[in-house]
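Shown below, as C-alpha cells, is a lone chain in the form predicted alone; questions about how it binds or moves come after it.
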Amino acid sequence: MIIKRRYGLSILFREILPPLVILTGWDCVVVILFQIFHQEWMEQPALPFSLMGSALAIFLGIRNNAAYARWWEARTLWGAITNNCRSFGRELESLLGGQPSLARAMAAYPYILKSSLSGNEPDSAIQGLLDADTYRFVFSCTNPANALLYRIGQKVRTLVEERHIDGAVHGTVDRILSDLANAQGGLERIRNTPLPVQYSLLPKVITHLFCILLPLSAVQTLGWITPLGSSIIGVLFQMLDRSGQNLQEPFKISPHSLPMLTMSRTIERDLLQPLGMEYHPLPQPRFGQMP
C-alpha cells in the first residue's frame, strides 16, 4: 500500500506511460495527416466527443466508487481480524491462564490467511509459529486458514475439559473464533467475486477508444498543438481508469494492494510481545510503500 502521495503519483504515471506514448504518437500522425495532407475526413464535430467524454467521466466515477468500496470493505474486514486476534490473546491470559502455544498458533493465522488470499506460497514465519503436527494438518486441508481455526477450537475445548473451566468462558472464546471465521468469509467472498465485466473491462476499452478519437475533433481547433492538448486530457482519463483497476483487486501483490504482511506482523507482535516471546519485526516502508 502506498503511504506517501508523491510516490503514488509517480507510480501511477509510470503505469500509464506506455499507452500515453502510443496515444501521443497517434496524435502526431493525426496532425500531420490533417495539416500537410489535408485529409477532410478528419474534420469531425467536437460536440459528440464532448458528450462522450462527459459520459465516460461519469462511468469511470461510478466504477471507481465501486472499486474503492470493495477495497475499503477488505480493509475493514482485516481490521476485524486484527481486533479479534488481539481479543483472543487477551482472553487466553485472563480466562484460560495463558497458553503460549495457542498464542503462537493464532499469530500464524493472519500469515496463512494472507497467503490464501494472495495465492502465494505460505510465509516462512508460519513454520516457526506452528508445531509440526498442526502444520501438517493445516496444509493438508483445502482451506488452511479455516483448518487452523478448527484446530485452535479443538485445543481450546480440550483445555476447558481438562481444567473444568466454566462453559460461559468457553463460549466467550468460541465467539471470537466465530467472528474470525465470519471476517475470513467476507475476505474470501471479495477474492472469489470479481467486479462484473461491465465494470472491469468496458471502462478500459471505452477510455482507449475515446483517446484515439479525441484528436480527430481537436485538430481543427488546436492545429499543431493537438498532441499537447489531447495528451493532457488522455492522461486524466487514463489515470482515472488505472486507479479503478488498481483498487478492484485488494489482495493482488502490487503497490496499491492492502498491506497484509504489515498487518500480519502487527498481529504477531501484539500476541507474543506481552508473553515475552520473540516475534518478527514490522517491515520497513520502501519507496513510500508498505508491504
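These figures come from a predicted structure and were not determined experimentally. From 1 onward, residues are counted along the sequence shown.
As for the form predicted together with another copy of the chain, it is not shown, yet the points below apply to it.
Remark: residue 261 does not count among the residues lining another copy of the chain in the model of the complex, judged by a heavy atom distance of 4.5 Å or less. Under a 4.5 angstroms non-hydrogen atom cutoff, another copy of the chain in the model of the complex lacks residue 212 among its neighbouring residues. Contact annotation: residue 110 falls outside 4.5 Å of another copy of the chain in the model of the complex, judged by heavy atom distances.
Residue contact check for residue 66: one or more of its heavy atoms lie within 4.5 Å of another copy of the chain in the model of the complex. For the options 176, 105, 117, 219, the one in contact with another copy of the chain in the model of the complex, meaning a heavy atom within 4.5 Å, is 176. Taking another copy of the chain as it sits in the model of the complex, the stretch 132-147 comes within 4.5 angstroms of it through a non-hydrogen atom at 137, 140, 141, 142, 143, 146.
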